[in-house]
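Structure 1 and structure 2 below are two forms of the same protein chain, each written out on its own as structure tokens.
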Structure 1
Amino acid sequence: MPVLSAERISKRFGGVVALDEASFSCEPGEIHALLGGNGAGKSTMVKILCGVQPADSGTITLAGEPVTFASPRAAIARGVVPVFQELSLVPDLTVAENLFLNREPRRLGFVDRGSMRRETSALLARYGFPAIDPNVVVRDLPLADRQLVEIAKAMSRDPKVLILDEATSALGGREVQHLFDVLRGYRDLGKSIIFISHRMDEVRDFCDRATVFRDGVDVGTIDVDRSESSEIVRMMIGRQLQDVFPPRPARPAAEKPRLSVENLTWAPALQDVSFHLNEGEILGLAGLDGQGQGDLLLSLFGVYAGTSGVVRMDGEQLSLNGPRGVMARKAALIPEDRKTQGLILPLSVRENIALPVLPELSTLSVVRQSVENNVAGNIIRQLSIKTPSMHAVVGRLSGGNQQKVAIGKWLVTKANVYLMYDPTRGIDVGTKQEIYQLMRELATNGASILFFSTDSEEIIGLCDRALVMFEGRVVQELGPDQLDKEHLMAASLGLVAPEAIPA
């Protein structure tokens, strides 16, 4: 008997069909993936399963019993606990306060903070996250640690069914593998896990079965070990995915530096970083996650005060005293987190796209709406953004379409330098391929891209060169002939070149 199943679930949002009689079931002691492109209906199904929103029609059963969850609290009480990509933590509370929110241990009628801290330390140690301090305010944690706290909070409720909706997208490779080890032990206890990820290597490494959704319909359930990745991708997007990365052009005989960086320092995160980025080049930032790549991008965009060193763009020194001055020199930043840094979610698609160029679209401080509509419409068509209209609230779009808006708003500026922080994190393979193609087109047309990715395959397949960072320094440059997993890993760990290692 399935521990949790959904039969013929349908859901509409106005004229948009999110689910069309879609079905899904998860067995006890199983890790079951939900796969599909952005907007395929996966997250809508998950929200219905855990009481975030009701279905228009269909039946949900838990251990064979029909259920209707009126709220997430009701689902959690029955053992169905979700972890979403959008964190539910309260930023101004500590780790311990978040883990025990609304269920704080009490003594003599008062919150027993000492007991709460001790229990939090024990929970974090049990799940293999002992380095996270229970007393730290969540706002001060890096994104990866906040995601681990969210997962620990869910697991502390001892769920029968744990739902992970893109919950690993903010984690590095080592953190993901450690988390998988913990969750495999959880599965071995007879618990069930529903897992959504756009990283096919994670699905292959972690999952037992997978159900594929496309355009709101379930198109099949497969055994992961018995299925080829190409077949899974074909089910997801309705076609074969050939030539994932666009071809890398030959390097020009005479390279023209667009961005030159000399001894850039922002202690202790960055130490004497020097490199150059050529016109029409995609330059990768590689290395293990958290080695200063994000700090480098933010520093170059003028976000950090107190940087030292010399940065030149097209031969002229660039002041890093704030993003406004950097933007005026035709540089753009696609940040790490589209929801908190890249977009204003309550605003419309049109308003988000127009934000960087509002002064140019205004007369006497009044935005010319017809011009704004034209600008937004052009970007929507260029990037094939799926939205009911340009006036739709951007927070209601799928993750991949939100990311297209976060990138598209900078295309309006016609930037010469794009600083990209993991721009394909948490989006489906089809949309990733569209972004890869867009990046190569930008470079072909003369733009320069400094690109950090947590996916080594993207660095290898997309970049012309790569800089490997370790502890805030550039420790090695890899040319196109060295861009492979062996060279990347060896450089990331400070080892000698792979060909020099005895077999």
Structure 2
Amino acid sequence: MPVLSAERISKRFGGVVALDEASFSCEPGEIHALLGGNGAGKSTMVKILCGVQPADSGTITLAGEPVTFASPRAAIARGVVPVFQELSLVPDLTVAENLFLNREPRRLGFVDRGSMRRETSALLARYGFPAIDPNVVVRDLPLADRQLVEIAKAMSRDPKVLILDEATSALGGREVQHLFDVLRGYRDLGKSIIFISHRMDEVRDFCDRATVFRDGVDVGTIDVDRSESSEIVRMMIGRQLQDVFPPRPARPAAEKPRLSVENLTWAPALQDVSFHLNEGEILGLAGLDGQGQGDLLLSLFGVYAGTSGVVRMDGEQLSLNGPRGVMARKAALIPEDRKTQGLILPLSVRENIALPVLPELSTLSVVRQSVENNVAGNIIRQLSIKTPSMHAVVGRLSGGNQQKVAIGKWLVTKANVYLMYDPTRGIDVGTKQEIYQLMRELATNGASILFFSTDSEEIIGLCDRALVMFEGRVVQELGPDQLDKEHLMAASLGLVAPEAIPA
């Protein structure tokens, strides 16, 4: 008997059908993947399963008994515990305080901080994350560690069904593997895990069965081991995937450097970083998570005060004091988190796209609305952004379309240098491919892209060269003939001496 099953669930949002009599079921002791592109309905399914939203019709059965969860709290009480992509930790509390939020151990009526810390340490160790300090304030943790704390918090409730919705998208490869080991042990205790991820290799590696959703309907359930990736992807998108990455054009005989960085330091996160980025090149920025790649992009965009070193763009020194000055030299940053850094969610698609170029769209400070509409309309068409209109609120678009807006707003600036922080994180395969295509087009038209990705496939498949960072340094540059998993992994683990960088 399945531990959790959903039968003929339907859900509409206004005129949009999110789920149309979709069903799936999860057996005890099973890791079950939900697959599908953006808007396929899997996120809605998850929200209904764990009581965030009610279904319009259909039945949810928990261990043979029909249930209706009025709230996430009710679902958690019955052992259905979700971990969402949007982090739910309180940033200003410590790891221990977050784990025991609302159920703090007490002594004489007061919170027993000592035992809370000890239990947190024990818990983190049991789940295999002993490196996380229970006393650190969550705000100061890297994104990956925050996500691990989130997962530990969910597991500490001893769920029957653990739902991981894009919970690995912030994690690097090593952490994911580690997490999977822990979760496999959990499955072997007879617990069930529902797993949603855009990373196909994770699904292959980790899941037993998968249910594929498309356009609000369950297309089929498959045994992961017995299915080809191409078959799964075909079910997801309804068509055969062509080459995932666009072809790499040959490099010109004489490279023209666009951006050259010498000894850029922002202690302790960045140490003597030197490299150059050529015209028309996609330069990968690889390595494990949190090795300074994000800080490198932010410091090049002028966000950090107190950097040292010399950065030249087109031969002239670039002063790193604030985004405005760097933008004036035709650089753009697509930041890590589209929800808090890349976009202003409550504003419209049009307003978001126009924001970086408002001064250019204005005469005597008055925004020329017809020009603005043209600009926004062009970007929406160029990137095929799915939105009811350019006046729709960005926060209501799907993740992939939000990301397109976050990228599109910089296309308007006609930048020569794009600094991209993991631009395909948490979006569906189809949109990813469109973004790869777009990046290659930009490069072919002469733009230079510094591209950080946590996905080694992307670095290998898309980039002309790659820099591998480890503990704030560039430890290796990989040319086209070295761009493979072995070289990347070795360099990422710091197995290469820094002297090996070709001058």
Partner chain sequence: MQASPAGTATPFDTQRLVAVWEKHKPIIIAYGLIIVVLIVTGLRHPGFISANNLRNQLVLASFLGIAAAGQTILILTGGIDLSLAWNLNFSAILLTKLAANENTFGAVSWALSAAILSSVLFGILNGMGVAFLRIPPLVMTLGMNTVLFGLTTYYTKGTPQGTAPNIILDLATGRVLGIPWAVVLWIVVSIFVVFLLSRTNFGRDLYAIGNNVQAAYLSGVSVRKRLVASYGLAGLFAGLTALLLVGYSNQSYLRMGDAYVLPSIAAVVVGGTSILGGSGGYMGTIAGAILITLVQSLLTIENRPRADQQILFGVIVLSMLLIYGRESKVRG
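Please note that residue numbering is based on structure 1, beginning with 1 at the start of its sequence. Bear in mind the structure is a predicted one, so any value in this text is a computation, not a measurement. Only the largest set of C-alpha atoms that superpose within 1.5 Å between the two forms is called the rigid core.
- Each of the two structures shows the same chain on its own, and it is structure 1 that derives from the form predicted alone.
- Core-superposed comparison between the two structures: the CA of Thr307 stays below a 2 Å shift.
- Residue displacement note: Leu93 has its CA displaced by under 2 Å between the two structures (rigid core superposed).
- Relative to the superposed rigid core, Leu141 undergoes a CA displacement smaller than 2 Å between the two structures.
- On the core-superposed pair, the CA position of Leu364 changes by 5.0 Å between the two structures.
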